[in-house]
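For reference, the chain that follows is the form predicted on its own, supplied as C-alpha cells.
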C-alpha cells in the first residue's frame, strides 16, 4: 500500500500530497512524467530499481521542452526516490511515478513565468497488459500526435489524451491494445509502449523520427538482442501491411515490459502465441531487470543497504 510521497520539497503522507483544482497542470496538462519499475528479488532480499538514472535524465530533458527550471538534477531525484522506497519498505514489484509540473493556480495557457514543482509516489504493481500469451491487437483509427504538435519523444502529460483515445477505442472493440500510425501512415508505436516485429530472424522497430517515445526499454532490448542473443535490430519505417506478414511481434516499455502480440486485426502472427525470438528476449529481459544477470547489475539500483 502507498503511504508516502515526495511533494513540494519533502516526504509527506500520501494524503497530504494534493494539488488544487486550480493548478496549471490539472487544467492544461503542463507536466512531464516518468514510469519507473522496481523489481523485488526474493533470493537477494533486495528491491532493484531498473535504469533509475536514465529515466530521470529523460524527465529532465522533457522538462526542458516545457521550459521548466527544476531545483533537482537527475542524481538528486534518483537519491530521493531510493529514500522514499526505503521508507515505504516494499517487498514486492513496484511502479514509481515522478511528475514535474506547472504548479501556479491561475487561468492562462503558457509555459513561461510559471512555478515548476516535482513530486514522486510509488505503488505495488503487476502486469500492465494481463494477456501475456499473445495480446489481441488492432490498428488504431487514431493517429499519433506529431513532434511539431505535442512532442511524443518525452512523456508530456497532456499528450497522453492521445494514448487514452487509442487504448479505450481498442478495448471497447474487444482488443487488448492497439498499434497507432503516424501522420505519414507508418507504424509509430502502441498506445503507450514501443513496438518490435520479427521478420527473417531480425528485429525491426520504427525509428525515433516516427513520433515515438525514445524508450529506455526499447534501447535496452536492442542492446541485449545484439550483445547477448546475436540478433540484429533494424530501425526503419514500417508499413501497415508489413504487420500482417510479421513472423512475431511484441510491445516493450517500462509498464508493459515485454508483451507478445498474438494477432493484429484478427490475423494471427506465427502460431498466434509467444514466438521463439520474443520468448528469448522476454526471458533475458526479466533476468536483467530482476538483478539476476551480473553483467547488467549496474542498471539495477538497490534500494536496501546490505
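Being a predicted model, the structure only gives us computed values, none of them experimental. Positions refer to the first chain, counted from 1.
Another form exists, predicted together with a small molecule; not displayed. Remarks below refer to it.
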_I need to confirm a contact call. Of 155, 186, 167, 136, which residue comes within 4.5 Å of the small molecule in the model of the complex, counting heavy atoms only?_
155
*Pick from 90, 142, 121, 160: which residue has any heavy atom within 4.5 angstroms of the small molecule in the model of the complex?*
160
*Does the small molecule come within 4.5 Å of any heavy atom of residue 252 in the model of the complex?*
yes
*asked:* I'd like to know if residue 102 sits close to the small molecule in the model of the complex, meaning any non-hydrogen atom pair within 4.5 angstroms.
replied: no
*Does the 4.5 Å heavy atom contact test between residue 216 and the small molecule in the model of the complex come out positive?*
yes
_Contact with the small molecule in the model of the complex for residue 193, defined as at least one heavy atom pair within 4.5 Å: yes or no?_
yes
*Considering the small molecule in the model of the complex, find the one stretch among 40 to 48, 268 to 276, 252 to 260, 65 to 73 with heavy atoms no farther than 4.5 Å from it.*
252 to 260
